[in-house]
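Below you'll find only one chain, the form predicted alone, shown as structure tokens.
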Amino acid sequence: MGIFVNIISGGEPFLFPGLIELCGEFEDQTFVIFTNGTALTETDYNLLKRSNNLAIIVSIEGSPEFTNKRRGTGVYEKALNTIKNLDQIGVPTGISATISRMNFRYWMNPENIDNLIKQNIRMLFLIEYIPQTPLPQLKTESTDHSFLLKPEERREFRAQVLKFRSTKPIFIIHSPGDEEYFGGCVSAGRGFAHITPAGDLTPCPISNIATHNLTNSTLREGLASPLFKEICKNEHLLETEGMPCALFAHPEEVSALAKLVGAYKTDLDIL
């Protein structure tokens, strides 16, 4: 089916028994594992030394203060130490950060990027924060949208990412900014799809609708489902319209489409 990269995220993937061995069984596939950097054991490092199809991406928020505030005291130091250990044994590694209004200027500072490069970090995933709930109808509503970048901030951040990309020796992936190269959102099988821990096949990690579960159907059947076909056919649903997620930007239309194809909700009622 042309699938050759598998991204594994959590929760914390390294709490799953036998993860490294499982990935090693599929040598023709690449596995990119996102971790908080605190759960790898000496046994994991010994197994990773012999792996040739794994990349480990460690999540931080930015500075020690930002990271420890969100993830717990001492996590920043543990995360950076994990990256150092992975680099020493030759495992491709990098950093992932959730970009919000709290930290986006930290990641725009050239000195902070240079500091990562000095630590031999060569991959950087910058993923813009996406709220769990649709935009509020009333300004007085209590929501999780205060962390969402404003349009002007998103444009400013994007411009700096492109500048870094042309001047810094570090590989940067920026979501959703890089989706412009693919003509919009790449969900629903246009570039990727998402499998929940329960086996539900959803258009993307943000979406909570599905028609197929891989415990009783095949991946090929799910990718060919009416749900995925309808999303890809309605190209306007793949336009972000100034939001960090295309499907999030069209909640009413996605909800109507879900009813049309008989999709079910996979978790919280957020669409």
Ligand SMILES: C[S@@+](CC[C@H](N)C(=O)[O-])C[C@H]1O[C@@H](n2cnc3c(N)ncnc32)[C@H](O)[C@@H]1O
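Computed from a predicted structure; not experimentally measured. The numbering used is simple: start at 1 and walk along the sequence shown.
The next section is about a form of this same protein that is not shown, the form predicted in complex with the named molecule.
Residue in contact with the named molecule in the predicted bound form (any heavy atom within 4.5 Å), chosen from 34, 66, 31, 45: 34. With the partner omitted here, the residue from 91, 127, 149, 195 that has a non-hydrogen atom within 4.5 angstroms of the named molecule in the predicted bound form is 127. A residue is said to contact a partner when one of its heavy atoms sits within 4.5 Å of a partner heavy atom; residue 154 fails this definition for the named molecule in the predicted bound form, lying far away. Among heavy atoms of residue 85, none comes within 4.5 Å of the named molecule in the predicted bound form. Of the heavy atoms in residue 121, none are within 4.5 Å of the named molecule in the predicted bound form. Although the partner is absent here, residue 202 sits far enough away that none of its heavy atoms falls within 4.5 Å of the named molecule in the predicted bound form.
Exactly one of the stretches 96-104, 157-165, 113-121, 77-85 approaches the named molecule in the predicted bound form with heavy atoms within 4.5 Å, and it is 96-104. Taken together, 11, 59 and 71 are fully in contact with the named molecule in the predicted bound form: each brings a heavy atom within 4.5 Å. Looking at 189-217, no residue comes within 4.5 Å of the named molecule in the predicted bound form, counting any heavy atom.
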